[in-house]
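One chain comes next, on its own, written out as structure tokens in the form predicted alone.
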């Protein structure tokens, strides 16, 4: 997982590349494998949750995520966590510049 976060003028912008194969039900059936895709994404800065998203199989392989939130979080750490259909969880952290 790659994360870049910048804070400017009271607004923090986050860009993240989530590495995941994102195998939809249709692709899985053709390949004879089980479907597996990211189902939930959360982002936190300290104790404050800044993103909570439920996703589906319609995201591309290695999805790119960009979002912004109000608040100057310069110097703090952002933590992004995703959960996929198989129950696997991955967490990435980055310092906000």
Partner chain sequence: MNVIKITVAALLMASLASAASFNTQAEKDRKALIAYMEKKFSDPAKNKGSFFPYSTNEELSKRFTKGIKRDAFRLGSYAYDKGGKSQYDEVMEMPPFEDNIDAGKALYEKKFANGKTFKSCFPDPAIAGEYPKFDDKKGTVVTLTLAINECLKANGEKPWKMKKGKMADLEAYFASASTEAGKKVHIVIQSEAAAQAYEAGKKAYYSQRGYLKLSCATCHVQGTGKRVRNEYMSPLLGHTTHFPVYRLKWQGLGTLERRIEGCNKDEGEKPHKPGSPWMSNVLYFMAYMSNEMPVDGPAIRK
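Residue numbers count along the first chain shown, from 1. Predicted model only: the values in this text are computed from it and were never measured.
Keep in mind that the form predicted in complex with its partner chain is not shown, yet the notes after this line are about it.
In the model of the complex, none of the heavy atoms of residue 90 sits within 4.5 Å of a heavy atom of its partner chain. In the model of the complex, at least one heavy atom of residue 66 sits within 4.5 Å of its partner chain. Using a 4.5 Å cutoff between non-hydrogen atoms, residue 76 does not count as a contact of its partner chain in the model of the complex.
In the model of the complex, its partner chain lies within 4.5 Å of some heavy atom of residue 17.
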